[in-house]
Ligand SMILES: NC(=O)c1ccc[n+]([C@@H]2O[C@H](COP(=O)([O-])OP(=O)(O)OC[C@H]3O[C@@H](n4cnc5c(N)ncnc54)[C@H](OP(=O)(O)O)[C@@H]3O)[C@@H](O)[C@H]2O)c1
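Single chain ahead, written as structure tokens, the form predicted on its own.
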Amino acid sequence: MRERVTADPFAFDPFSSPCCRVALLGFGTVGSAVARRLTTLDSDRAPAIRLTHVLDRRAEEKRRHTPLAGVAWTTEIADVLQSDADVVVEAIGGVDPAVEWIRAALAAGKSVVTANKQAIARHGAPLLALAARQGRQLRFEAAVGGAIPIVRAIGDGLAGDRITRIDAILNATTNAVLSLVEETGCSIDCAVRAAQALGYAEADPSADLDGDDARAKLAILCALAFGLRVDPSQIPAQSTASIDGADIARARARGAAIRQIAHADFDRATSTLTAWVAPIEVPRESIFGRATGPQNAAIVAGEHSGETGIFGVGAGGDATAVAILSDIAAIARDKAAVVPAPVLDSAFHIPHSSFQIPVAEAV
């Protein structure tokens, strides 16, 4: 009698599961990178996850320049909501109309993947609650850290521990700018122009340099790590725009580098969250000192696991697309999975923080 051979349950390939149809909102740097990846998957895997719709305010123009076989282009959100798409990828950024479109997609019975840190930082809890009620998923790995899977690391990988501290480089644009100043001795303004030419910086980089971008990402991580509902505006921030070559040189003489660090630690006994974003000196040989160009890095400390480090590319369409496709694959793996909505606590306080941290005490 022949022995029956069963499939290896650990060899599951989400890209070979029944077809998962994807609609894309936005065809800019991130959206076009996602579309490129979805339409160039290996031929034996491509039918499993398929791009079916693209929404963009300049849909006709972009369709002519980037023809995508079998994809419907539109300028109307109603076309996406009424479509047979299983997953909607939001890649338009900002809060309005992104939040309303995420809400509408969930209400229409579609799962959503987003790279929008502002939407998740400010409206994530009610959107996740809506997703749970609808029996759908809202995933946002791409909203924090580019290609590095820090959302999964904190939300799933370290779920068995009690996290006590997060230190991270969360803004790859600012890291690229500081690296250019460090390498060339040029001014911040000159480094910003170079970063813009390389596609790492927006036309207006103030949200990156002033810490607003990192504050939103840190607020998301505080929700995941500590269960706190943190308004990004509550987090003190110091701008990196005032850093100059002399600051870099002084740090180098002390064996240090200057990096924009996002820090959070939570004292559960006193319900005190210490959180800030600021350019500080870090040891040059640390994970942060060695992060150059558009790289992110993080150290997450837990009561039982100690320190866990993660490092990788944090900016650019391709890096962000990696995180988005990972979320799509997770949904394709189990479309019926329901992610419970978080229960977040607002009963905490953030004391005034000093950013003048000596290099010997830097993270």
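Each residue number is its position in the shown sequence, starting from 1. The model shown is predicted, which means the values in this text are computed figures rather than measured ones.
Although it is not shown, the form predicted in complex with the ligand is what the next lines describe.
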Within 4.5 Å of the ligand in the predicted complex by heavy atoms, the stretch out of 50-58, 298-306, 64-72, 325-333 is 50-58
The one residue among 155, 93, 289, 293 placing a heavy atom within 4.5 Å of the ligand in the predicted complex is 93
Checking 216, 80, 166, 115 against the ligand in the predicted complex, the residue with a non-hydrogen atom inside 4.5 angstroms turns out to be 115
Practice problem: Considering only heavy atoms, tell me if residue 142 and the ligand come within 4.5 Å of each other in the predicted complex. | Solution: yes
Practice problem: Give a yes or no for residue 101: in the predicted complex, does one of its heavy atoms lie within 4.5 Å of a heavy atom belonging to the ligand? | Solution: yes
- Is the gap between residue 315 and the ligand in the predicted complex 4.5 Å or less for some heavy atom pair? yes
* With a 4.5 Å heavy atom cut-off, would you call residue 30 a contact of the ligand in the predicted complex? -> yes
